[in-house]
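First comes one chain, alone, set out as structure tokens in the form predicted alone.
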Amino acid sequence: MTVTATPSTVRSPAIPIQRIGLGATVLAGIAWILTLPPIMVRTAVPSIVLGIVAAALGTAVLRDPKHRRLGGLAVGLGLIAIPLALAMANQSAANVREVFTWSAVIASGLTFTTPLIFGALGGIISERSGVVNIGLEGMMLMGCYFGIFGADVCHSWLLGIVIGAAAGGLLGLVHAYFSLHLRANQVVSGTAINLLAVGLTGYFFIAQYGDNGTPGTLPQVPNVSVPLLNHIAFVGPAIGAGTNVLTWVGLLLVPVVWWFLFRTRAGLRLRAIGEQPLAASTVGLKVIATRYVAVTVSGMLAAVGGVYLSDGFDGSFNFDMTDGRGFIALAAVIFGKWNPVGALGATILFGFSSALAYRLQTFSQTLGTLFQALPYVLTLIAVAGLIGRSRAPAAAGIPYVKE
């Protein structure tokens, strides 16, 4: 006998909790975007409704233990979107268009992103080898000073990059010596490196330039115009007309480092040493030598990010001018799960929040201050492990003892 299901017994499949959480985050983004160009809704009512719905859906997702982080993110974004939308709706359309000229925002975002890319790539290479590099901040600061110093003495921005990278690599070598040969705690060693860099750069700066500061006629890393992109609407003003050389280098290094780590034999060996150094040693891999090279290269990359700050963007050196960017780059490593592509996404998030903070100050000091704090808040969230499940290389931070 055939049993036919009645309409009352047929149930529609339930929507997965994860999709609800992702939908809530998208709604939160839309709630703010509605008040921005080119849509420019001049009332905050639709945004408030969408923000409340996003927060309510996020609250429902919070009940599922497996998706609490996604639910918390949806609730937070929904609640943040409401005051942001109110602030945009209460401003004149001219002010909003001035701040959110998207081509200019992208160009500014890449400016803030560039030093973070170099620092994050350096952190990935070091930690993939098994050495935690808290000293990225200090290595970046060394690049800031010695990049300017090299460009001044050698009258060449290119030699300035070389000398700045060499200074960061030397500091990386010091960190590697303490971490690998003396088996010091790598977090303590990295912290000492940061303090050492502040002292060294401050001393050399005063000794070389005194109270007058760096000269204003130093050769700076140039901006380049891309002929094929320069005349394309929106793209040209954003990235085609006058993007710094080091910005292009940093963006190109992301696929290069990814290819090296995941598609070459040397990258496989580096990752094996960072995961199982004892097993790697038994098959003939040189654990200590590889880690020395990785930490030194890490310092050089971070220093190039510092060279960009002083010789590519600012054109001068100031005390402690990295302003925590090395730590933000380290957070980007965690955000990106020790993958160059993921780290690029994290640095773009940090960089664009900084760019918005800079531009928002033109009509709202409060919003500008809020966005200035956002990269550091995201850094704390990343370090606390609240964004996804990030698993560091198994041997990261553990001194290697050869048996």
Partner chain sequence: FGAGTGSAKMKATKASSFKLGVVTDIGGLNDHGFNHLAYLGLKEAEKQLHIQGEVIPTSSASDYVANLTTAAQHGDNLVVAVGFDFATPLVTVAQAFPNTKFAIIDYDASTILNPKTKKPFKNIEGLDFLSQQSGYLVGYLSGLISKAKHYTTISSVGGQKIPSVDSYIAGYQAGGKAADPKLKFLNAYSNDFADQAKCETIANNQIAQGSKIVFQVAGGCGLGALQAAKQKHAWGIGVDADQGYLGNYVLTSALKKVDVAVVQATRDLMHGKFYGGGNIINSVKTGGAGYGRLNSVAKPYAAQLQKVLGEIKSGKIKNIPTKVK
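Positions refer to the first chain, counted from 1. All values reported here derive from a predicted model rather than from experimental measurement.
What follows is about the form predicted together with the partner chain, which we do not show.
Within 4.5 Å of the partner chain in the predicted complex, do G210, R325 and Q372 each have at least one heavy atom?
-> Yes.
Just one of S108, T290, T296, Q91 has a heavy atom within 4.5 angstroms of the partner chain in the predicted complex, so which one?
-> Filtering the options by heavy-atom distance leaves S108.
Interface stretch in the predicted complex with the partner chain - options 217 to 225, 77 to 85, 296 to 304, 156 to 164, non-hydrogen atom within 4.5 Å = Of the stretches listed, the one contacting the partner is 217 to 225.
Closest heavy atom of F319 to the partner chain in the predicted complex, within 4.5 Å or not?
-> Yes, F319 sits close enough to the partner chain in the predicted complex that at least one of its heavy atoms falls within 4.5 Å.
W32 within 4.5 Å of the partner chain in the predicted complex, heavy atoms = Because no heavy atom of W32 falls inside 4.5 Å of the partner chain in the predicted complex, the answer is no.
According to a 4.5 angstroms non-hydrogen atom cut-off, is Y358 in contact with the partner chain in the predicted complex?
-> Output for Y358 is yes: heavy atoms within 4.5 Å of the partner chain.
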